[in-house]
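Okay, so here's just one chain, in structure tokens, the form predicted on its own.
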Amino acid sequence: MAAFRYSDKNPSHPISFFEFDAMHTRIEVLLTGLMQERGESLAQEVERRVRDMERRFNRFDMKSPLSVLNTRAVADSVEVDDELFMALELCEVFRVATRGYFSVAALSGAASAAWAQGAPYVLDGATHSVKYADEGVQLDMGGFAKGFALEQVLTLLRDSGAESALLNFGNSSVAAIGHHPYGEWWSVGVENQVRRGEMACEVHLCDSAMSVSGRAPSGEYHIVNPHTGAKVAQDEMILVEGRSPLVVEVLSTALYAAPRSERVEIVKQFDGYAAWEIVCSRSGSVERKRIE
């Protein structure tokens, strides 16, 4: 259950805050201007929705739709539900737009070389079925699911009437509804990945989102280049800002995986989104360069 806290010390702007662990990260949501009962109700709705997506996109859960797809789609076309089919359609659009540097296909060996430039699966819109292009194809939606979940939660809160909120998925993916009650934006810090506990830069969000990709907090290189199947060993971070939490999540991942020579052309495919390369030194200096 989500841990819920409420404060009405300022009657003009009461605060609802809740947090829980899901999708291998810590999820935090701050809402202002709601009565306690409504805040608690939304906390339950948000957690239920996130956990439903966590189950749906977990390839390690043998009962999940994605796991069933990975088991059967090599041999036969597999019919999937509307949400999973839509998610796979989006993933293919993103794969093409990012020159293949974003992909949910976990390819290995010869499969990586053979399908890096082509679609790893075939979608049939008439039957909502999926067929993998090669026996080496397996789908891992981890790089997509967090942004997709954040997008869905943002929509849920907006539809519920929330006018001011900040959503934090693991500090690397953040989205805002409206602005801070006492400012023109929500101020969000990006942690320095070389000097932990220090801030590399500050981002101002208002009805917008940001995503940061780089090394894991442990220092591990974990983002894979879909063209080679190898982990990307770059010490810079990629920061992307824009309206959609899903798009910034996808784009930051793709830009980190892509060589610098291709980043500008990838960003051009995403109108209204801005991206930066951030390099932190052990001396404390931070270099932030816009990709344009």
Partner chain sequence: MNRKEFLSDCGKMGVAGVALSLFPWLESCSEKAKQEVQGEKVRIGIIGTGSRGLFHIKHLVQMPNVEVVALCDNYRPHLEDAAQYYPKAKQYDDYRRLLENKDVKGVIIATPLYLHAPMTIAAMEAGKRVFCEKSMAFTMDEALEVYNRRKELNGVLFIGQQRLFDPKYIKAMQMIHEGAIGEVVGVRNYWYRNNDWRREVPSPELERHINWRLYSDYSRGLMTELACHQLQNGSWAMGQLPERVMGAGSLVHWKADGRDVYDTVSAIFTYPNGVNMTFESIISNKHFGMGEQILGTKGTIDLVTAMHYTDEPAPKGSGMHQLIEQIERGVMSNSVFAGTSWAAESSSLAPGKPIMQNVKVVSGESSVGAEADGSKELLEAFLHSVVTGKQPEKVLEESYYATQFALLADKAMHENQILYLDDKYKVPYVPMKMK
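Numbering follows the first chain given and starts at 1. Given the structure is predicted, the values throughout are model-derived calculations rather than measurements.
This protein has a second form, the form predicted in complex with the partner chain, left out of what is shown; the following refers to that one.
Although the partner chain is omitted here, in the model of the complex all of 25, 174 and 182 have a heavy atom within 4.5 Å of it.
Residue in contact with the partner chain in the model of the complex (any heavy atom within 4.5 Å), chosen from 121, 186, 85, 148: 186. Only one of 53, 266, 247, 30 comes within 4.5 Å of the partner chain in the model of the complex through a heavy atom, and that residue is 30. Heavy atoms within 4.5 Å of the partner chain in the model of the complex belong, among the stretches 127 to 135, 199 to 207, 152 to 160, 67 to 75, to residues of 199 to 207. Not displayed here, the partner chain is kept clear of residue 92 by more than 4.5 Å at the level of heavy atoms in the model of the complex. The partner chain in the model of the complex comes within 4.5 Å of a heavy atom belonging to residue 212. At least one heavy atom of residue 10 is located within 4.5 Å of the partner chain in the model of the complex.
Residue 5 belongs to the set of residues with a heavy atom inside 4.5 Å of the partner chain in the model of the complex.
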